[in-house]
Each structure stands twice: as C-alpha cells, then as structure tokens.
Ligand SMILES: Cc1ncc(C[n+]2csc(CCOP(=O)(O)OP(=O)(O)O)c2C)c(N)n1
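One chain comes next, on its own, written as structure tokens: the form predicted on its own.
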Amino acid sequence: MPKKTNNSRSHDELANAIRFLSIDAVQKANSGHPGLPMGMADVATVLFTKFLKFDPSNPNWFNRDRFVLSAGHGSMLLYSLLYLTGYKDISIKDIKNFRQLKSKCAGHPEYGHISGIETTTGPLGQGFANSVGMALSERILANAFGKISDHFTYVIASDGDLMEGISHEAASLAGHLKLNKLIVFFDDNGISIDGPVSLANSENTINRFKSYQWNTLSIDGHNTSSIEKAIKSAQKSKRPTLISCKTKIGFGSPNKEGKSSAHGSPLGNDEIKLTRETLNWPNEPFEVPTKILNRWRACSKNGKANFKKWKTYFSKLSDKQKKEFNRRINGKISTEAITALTNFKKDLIKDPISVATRQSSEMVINKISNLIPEFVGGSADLTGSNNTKAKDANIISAPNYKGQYIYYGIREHAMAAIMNGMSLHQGIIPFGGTFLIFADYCKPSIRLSGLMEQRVIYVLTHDSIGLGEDGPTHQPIEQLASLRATPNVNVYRPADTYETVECWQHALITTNTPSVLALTRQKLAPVRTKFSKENLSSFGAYELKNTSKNPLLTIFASGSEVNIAISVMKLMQKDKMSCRIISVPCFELFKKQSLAYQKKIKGKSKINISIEAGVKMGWNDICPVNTHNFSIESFGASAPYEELYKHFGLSAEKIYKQIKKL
C-alpha cells in the first residue's frame, strides 16, 4: 500500500522522485545518507516548486534566493533537486557516479562543483552560520542598491546542526540583527547517528530560538498545506524564522523509517523493493518518468519571470550605480584604494613610525575603508584590541543595515563562518578580528574558507609571547604552524608598518585565497628604509639586509623577530662577522616562487638560523638544510614581554652567544 499522506498525488510523485534518486544513488555507491532526503523531500518539493526564486538557465543571477543544505550529509537531496529542476551542469550520469573519485556529486556538497551549491557543507552547523552571513549581506546590499538586492535565504538544518555550538552563536546574532529574510527548516526527526536524539539532548529547540528573538513555527513536515502556510507566514515576519518540521527519517521505508539505521547506510536491495511498493514508485533505478521530470523542470518559470523583473529594476539604475554594483559583485578592488596604500608606503619611508602591527593594520583600514564601501569588518568583542574599526565606519544594525562594522560579540567561530557566507554571497569583502590564540575557535571555518577559495581576511592580533602578562592561555605557540599547514590559506606575519601595508595590499587583491594577518601587541621599530613600488612581501620572503657578498650567517625571521634579527646583525658587525637577513612575511607565497628565486633567497651561508616565537615546525621547508631554529617548543608564561623573550632564549644577546658556539 502507498504511504498515506494528505497531499496530492502530483506532489507525492514529485517528492518521490527526490526520494528514489537519493535511495538509488546511495545504494549504487554503497555509501551515503538516504534518511534525510527521504524525510525532507516534502519540504524541499514545496519550497522549490512554489516559493524558491531561481533560474537554472541563469544560475548565478545575483538576486536568486539562496538555498543552503546545512545538513550536508543529506547531499543527495540537493543533487536530486538540481538535476530535477534542470541545472545544466548535472546529469543523471553524475547522480549515478555519486561519491566516486572526481564526481561532481561528492559525499557532501562542495561549492564550485555544480551551480546551485551555494556553500560547502558537511561539518554540522557551518551551513547554518554561512546562511546568516548571506542574509546579512543581502540586507547590507539592499541598503545600498534597493530592490536589486531583495531575496530570501532558506536553510535545511538537522538536529546535529542545531546541537553544534556554532549554531548557538550564529542564531543569537541573527536574532539580534533581525535578519527577517532568513528562513530555516529544522528537520525535527528525533534521530541522530547513535539513535534517538533524546540519548544526548533534551532541550526545547523552539523555546531556545524564541529566546534568540526568532519567529518560530511548528508543522507536520509531510503535509504540504502546513508547509505552504508556514513559508508564507515566515516571509512576512520581521524576524528570522525557524520552522520546526516534524518528519520521519527514511520516510516510506517499511522497516527503517524513523530509525537510526536509515541515517547513514544504504537501505539494501530488499528494503528498496519494499519502499518502491510502499510509495507506489514502479520505476527502475535512476528512472524519472518524463511527465514528472517535465513538471519539475517547469517549476523554475516563476524564477525566470522574476529575473526579467529584476533586469527592469537594474536598468533603472544610473550608469554610475550599475558600474559600482558590477564592480562589487565582480570582487574588483577600486584603483583608488590600491593607490592609497602605495602612497602610504611612500609616507612611511619619509616619516617612519614605531607602532604595534595591530595599529599598523588599523592605519591601513582607515586609509581604505571609505574607498572600498563593500569592505565590511568586525571583531569578536575585541575591537579596541584588534584595532579593526575604521574611525568613520558606521555600525551595522537593524533596521537599515547601513555601515561597515559589525559587533560580533564573543562568537569567534560564528564570526568566521558568517564571513564565509558574506563572501559567498558576493558584493562584500569581509574581515574580522580576534586574538591569534583563538584561531583555534575559528579553525573549522578558516579551513572551509581555504577549501571554498574565498577572500576572507582574518585579523589575528596578539600573535606571540609578545603579548606579555596575559600568560600562556593567551600566548600562541602552535597556532602559526597549524594555520600554515592548512591548504590554500595565506598566513602573513609582517615585521613593521611597511610590511603590514604590503600584506594587506596582497590580501585584498587575492580573490581565491583567505588571508590571516598575524599582528603584534608590542611596538616594532621600522625595518624597511627604502621605498619599493614592487610589493616585496608578496614574494613571501626577501632579502632585507646584507653586509657581504658571501655572508657567514643568514638569519630567517618573521614578524617581531625581524627586529631581533637586526639586533643580532649589529652584534655580529661589532665582531666583524658578515650577516644577511631574510624577512619571511608569508611561507605560502614563498613556496609559490620559482625554484631559482627560492634558491637565491636561501643563499649559501655557512651558518643559517631561523627565529620565530613559536614552534619551529614548518621553518625547515623555508630554510636551507641544517638550519638552526630559535623557537619555543613549550607553552608560554606570564611576565612582561621583554623578560619572556630573554627567558625563552630569544633575546639578541642569547642568540648571538649560540651563533658563536655554532
């Protein structure tokens, strides 16, 4: 007997197309998660056929509604929807190749593989937090361009998404900012991998979201009438909306529906046969009848009509507004901003300054903020310490969202993921600050910034034992190495204001790689004394000083330790020993240089040392063989920073004594 619902036969056929494409793909791969696509097929069908504003023939249309499958393990739900609605870059062959090497249909949705995948999801809670960034970007750009930016962000989230700590942080901020165009469907099926959710969780999710100032609704997730009414109500809300959808995981499976066995394993051929009978789906694996496929393909008609309306709105913008909108969406930095930074470098040579590089960074932000209106920053409750706020930057808040600065509160992980969402949305260049030690709280999102190739800029200050008295809980030791080990993340550690300008300049023009700026609390004397139109920091490492054609010693150093290297050089000169200094602001950029350039920088000195106030891991990839590392291989301590450098053997005098022994 078919599974009984109060829905029309037409709806059930559309929803079952999702279910069986998902079931068949998971079975063929012998791997995957069929339970969520089967359970949320009704919600997804109503959303895509009656509400979602999209156009598969123009998938990157800016004003499309964004759909985020935060519960990325249910990826076949999304792949099925993209195929059924007619996205050109996914075929039934791709569906059949689910979870195989080089397949577009990876185990979890990956941004860039197929049009319509708005973000990479899988680590639970990430997509939820990304969606907050998307919804916030929509509001910011609506303030600037009106109806040109006027769309909803829809999310399907699981119990797991909402249990993850990041969801608490992100939901709280979304409610505070009244992001009313954010609508989240909570797949409330009561099942997780281990079994019933009640094994580990007894919270009232609805009340929790009410406390975050969200609009909340509870519905039967298998009843089309309830789903439609809930979405219509949510669209009118003045707050973000959580729609709790009571569903059955593995819907339609006679023996696995409502059980954890439906979550993350194929149903099996015998159970699939029974499910086909139960849901009255007599078709062969991967077969969608033409009449059903045609109905799915027709559901984007409203999106195409909306696109035409949007083009009419766009045509009414002035030429200046059109040009500015296109510049922002294309991610191009204004030439005025780059020129301003070049001129700032000239000023620094004429009038050098000794300041902490966190203050140098603030100077850069002040120079460019007005010249890049899409440059939107913030801090996780450390604005005065991270120095991330431009003097003239207005605070972004409801209801007008006019401004360039966000108070994220003490929500480091959500801040990082929200910035990913803002970047993915397009039209915003996000940056955000916290202490480098709390990169550990941001790391999963930083990793996804790299994986998705997003221009997100992390301003991480208090970068070493140089922060002093706050002690080992706040002193980064292994963080630089950890971040440098992350693929496609540029970690910049500038040695003075001049290098800070260059690092910022390179971060801004690098569109496919996130940037980490590791900045000091303590003042640093200027190390650059000559103007260079060329951005030397963009080479990752360069020769800063040299006292001989054939120096006895080469010192490799980054950040604040470049000043120590200069002091060591002065001690060597007193003893008439030759020395050269290589400043290494960015490992990743140096490794991208030609082998000839790398060989030239490494040089042929008899003795080579590296100096960095952190673990030595990674330095042997940069320096010649047998380089002696001056590093810290233990946790820090609480004391004034000058004493700490001496204590850990990183004073110029102690290093020089060791060099003489070498």
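From 1 onward, residues are counted along the sequence shown. Predicted model, so just to flag it, every value in this text is computed and none were measured.
From this point on, the text means the form predicted in complex with this ligand, which you will not see here.
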{"property": "Residue stretch of 468-476, 402-410, 116-124, 568-576 approaching this ligand in the predicted complex, non-hydrogen atom distance within 4.5 Å", "result": "116-124"}
{"property": "Contacting member of S423, S560, S158, T434, with respect to this ligand in the predicted complex [4.5 Å, heavy atom]", "result": "S158"}
{"property": "In the predicted complex, the one of E374, E164, E271, E169 near this ligand [non-hydrogen atom within 4.5 angstroms]", "result": "E164"}
{"property": "H263 within 4.5 Å of this ligand in the predicted complex, heavy atoms", "result": "yes"}
{"property": "Touches this ligand in the predicted complex: V459 (any heavy atom, 4.5 Å)", "result": "no"}
{"property": "Heavy atom of I191 within 4.5 Å of this ligand in the predicted complex", "result": "yes"}
{"property": "Proximity of I555 to this ligand in the predicted complex, heavy atoms at 4.5 Å", "result": "no"}
{"property": "Partner contacts in the predicted complex for 23-39 (non-hydrogen atom within 4.5 angstroms of this ligand)", "result": "L36"}
